[in-house]
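Coming up is one lone chain in structure tokens, specifically the form predicted on its own.
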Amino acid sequence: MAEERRFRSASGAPIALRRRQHSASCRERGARPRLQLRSLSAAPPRVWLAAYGLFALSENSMVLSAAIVITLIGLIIYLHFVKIDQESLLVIGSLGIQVTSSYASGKESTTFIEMGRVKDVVINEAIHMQKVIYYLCILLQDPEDPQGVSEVVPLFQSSKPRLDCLIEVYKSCQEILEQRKTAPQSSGIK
């Protein structure tokens, strides 16, 4: 069963948080920022206007053709490698955590972290452009020092949800991590 709630990003843009519970120990959260057409539609007219100015000065039609081709290639590269359409976090208590980023072109990037490597999931804070922003991250356990952290994996980097949204995802992750910690360990003896 999937449900969706509306939140805002750190910049104030609307985002949708999709919540899906597959089982008691398997939950998925997906953040989808609203597509900002303003950012996509601003660059091509500026490039074309500059190209038209150069065309008027040089009277070379290749300038206009090159400007059109360059902006189309730039838009394709932007949609395929930069513009993330959705970010999701799938937490499976017995296996691990899967982080997926879906790009506007349909390309997906997936990272899987085994549950044995996960030390904790925390909300961290950072100072960015004279304001405090919050982000969710996974702390990976240091294999040489069980009390140490070897790596910090930030989540929802593109959508940058505000604290109220992060708290909801955090609580969901912590419930599954607590189930894993309190589950009776099988000793292998029967």
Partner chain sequence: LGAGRPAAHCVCMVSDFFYPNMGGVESHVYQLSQCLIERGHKVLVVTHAYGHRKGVRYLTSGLKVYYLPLKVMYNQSTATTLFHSLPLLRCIFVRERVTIVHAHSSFSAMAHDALFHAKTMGLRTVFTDHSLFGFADVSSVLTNKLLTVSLCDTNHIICVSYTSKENTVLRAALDPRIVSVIPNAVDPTDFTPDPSRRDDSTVTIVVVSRLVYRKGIDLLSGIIPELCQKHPELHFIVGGEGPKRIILEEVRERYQLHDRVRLLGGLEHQDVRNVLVQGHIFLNTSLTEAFCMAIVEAASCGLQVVSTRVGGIPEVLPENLIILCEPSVKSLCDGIEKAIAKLRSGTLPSPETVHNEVKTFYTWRNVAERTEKVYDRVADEVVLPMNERLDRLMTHCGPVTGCIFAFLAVLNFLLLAFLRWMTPDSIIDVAIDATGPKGAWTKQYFCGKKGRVKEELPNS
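What you see is a predicted model; the values in this text were computed from it and never measured. For the two forms, the rigid core is made up of the largest set of C-alpha atoms that agree within 1.5 Å on superposition. Positions refer to the first chain, counted from 1.
One more form of this protein, predicted in complex with the partner chain, exists but is not displayed; see below.
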| query | Just one of A66, V122, A50, A43 has a heavy atom within 4.5 angstroms of the partner chain in the predicted bound form, so which one? | reply | V122
| Options 122 to 130, 66 to 74, 53 to 61, 150 to 158; stretch whose heavy atom lies within 4.5 Å of the partner chain in the predicted bound form | 122 to 130
| Partner proximity in the predicted bound form: A16 to the partner chain, non-hydrogen atom cutoff 4.5 Å | no
| said: I176 versus the partner chain, in the predicted bound form: is there a non-hydrogen atom within 4.5 Å? | reply: no
| message | Residue-level contact is defined here as any heavy atom of the residue lying within 4.5 Å of the partner chain in the predicted bound form; does S23 satisfy this criterion? | response | no
| said: When the contact criterion is heavy atoms within 4.5 Å, does T182 count as touching the partner chain in the predicted bound form? | reply: no
| query | At 4.5 angstroms, heavy atoms only, are F7, A31 and L89 all close to the partner chain in the predicted bound form? | reply | no
| R162 C-alpha shift between the shown form and the other one of 2 Å or more, rigid core reference | no
| said: Given a superposition on the rigid core, I'd like a yes or no on whether Q130 shifts its C-alpha by 2 Å or more between the shown form and the other one. | reply: yes
